[in-house]
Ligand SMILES: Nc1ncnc2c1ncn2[C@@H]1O[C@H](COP(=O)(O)OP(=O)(O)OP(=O)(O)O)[C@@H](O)[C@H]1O
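One chain comes next, on its own, written out as structure tokens in the form predicted on its own.
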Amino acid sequence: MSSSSEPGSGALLQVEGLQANYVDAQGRVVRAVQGVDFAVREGSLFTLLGPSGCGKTTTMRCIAGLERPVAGRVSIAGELVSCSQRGVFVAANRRNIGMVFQSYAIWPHLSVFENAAFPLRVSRARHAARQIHDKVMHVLAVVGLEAYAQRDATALSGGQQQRLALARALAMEPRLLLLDEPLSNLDAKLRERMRFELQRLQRELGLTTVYVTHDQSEALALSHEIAVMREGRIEQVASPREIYERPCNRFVADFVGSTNFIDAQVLGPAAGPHRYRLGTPVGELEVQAPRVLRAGEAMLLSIRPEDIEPATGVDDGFTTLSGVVVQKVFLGERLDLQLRIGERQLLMRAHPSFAVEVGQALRVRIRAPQCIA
């Protein structure tokens, strides 16, 4: 696993060696989380990204105190809230955590104001009526709902209900905010708009946030760091750009974005540091490698569709290849092309204004692809 988020100073949340099980419908014990380690810096947004069943929601529920891990430690702001070895388990309502779930859990019989005020009214801490009013109106203003305070919560749109759920979580002034697929019930345009809204609120308020999603676009757009999970384990922890541009293995490269995988064999070094010549089914390619490669070594290449471009005719150091367009799909903001190059078909992504026809010969250049295995 590649990780840039090791436990240490500046971390508000630390998860170490976390393991959690559950019993499925057939009575079998499923190891949902298997030795997960990561740290979340104060004021940052950290995303657990992965397919359904990878353990990301179980990990979040263990952080929240809604699930009891069988092993490992969870610390929040230096306080140990869960440690199976020492028998420590702080109840969820004593961890000072705000949570927003996929369903929002809006109370239909309460107004917008009373929905946001609910956690303050049931809190162990005593809050005066004036204090509750001021806190609630403040968080409603933060999410842009102050004008709707007396409206029935059910009269709100999907995006407004999402913001109300966030306001309710913020009313308790939590030291940690947990968001579990909060945008998945929204339509595509609203989901995109709410990404910007969430990012703005998180940055402006400096909220330390753990975000769970299976949506790679959300993870790349919102996060300071991403942990990609598979089968209860973390495959890679890194910044969004590093996850996308330098995936540590085939699973990460394939799950985060579209890519072309090509088997290759090292022919020898090329001009420039960490550059090598590789023989592939599409021809000889120059690659940028993260480590020393040996002649004859078998490799797997990951070539992103946007790194295949129409050749300009200028010798600028890129590998140039000839192919034939076998399919094209217009997608509004982009044009996806299937190219036959040598023995393979590769996905290429171009600007929608690019004029090309199926069956047309096309010379393309390929930016130095990543060796991932």
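Don't overthink the numbering: it's just position in the shown sequence, from 1. Here the structure is a predicted model, which means the values were calculated and not measured.
Omitted from view is the form predicted together with the named molecule, to which the following refers.
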Checklist outcome for this item: Checking Val40, Ala32, Val36, Leu339 against the named molecule in the predicted complex, the residue with a non-hydrogen atom inside 4.5 angstroms turns out to be Ala32
Next on the checklist: To verify the annotation, which of these, Cys54, Leu45, Leu335, Leu346, has a non-hydrogen atom within 4.5 Å of the named molecule in the predicted complex?
Outcome noted: Cys54
Checklist entry - For this chain shown on its own, do Ala221, Glu242 and Gln370 all sit within 4.5 Å of the named molecule in the predicted complex, going by heavy atoms? => result no
Checklist entry - Taking heavy atoms and a 4.5 Å cut-off, does Phe354 contact the named molecule in the predicted complex? => result no
Checklist entry - How about Glu235: is it within 4.5 Å of the named molecule in the predicted complex, going by heavy atoms? => result no
Checklist entry - Glu286: heavy atom within 4.5 Å of the named molecule in the predicted complex? => result no
Checklist entry - Quick one: is Lys135 in contact with the named molecule in the predicted complex, heavy atoms, 4.5 Å cut-off? => result no
Checklist entry - Which of the residues spanning 209 to 248 lie within 4.5 Å of the named molecule in the predicted complex, based on heavy atoms? => result His214
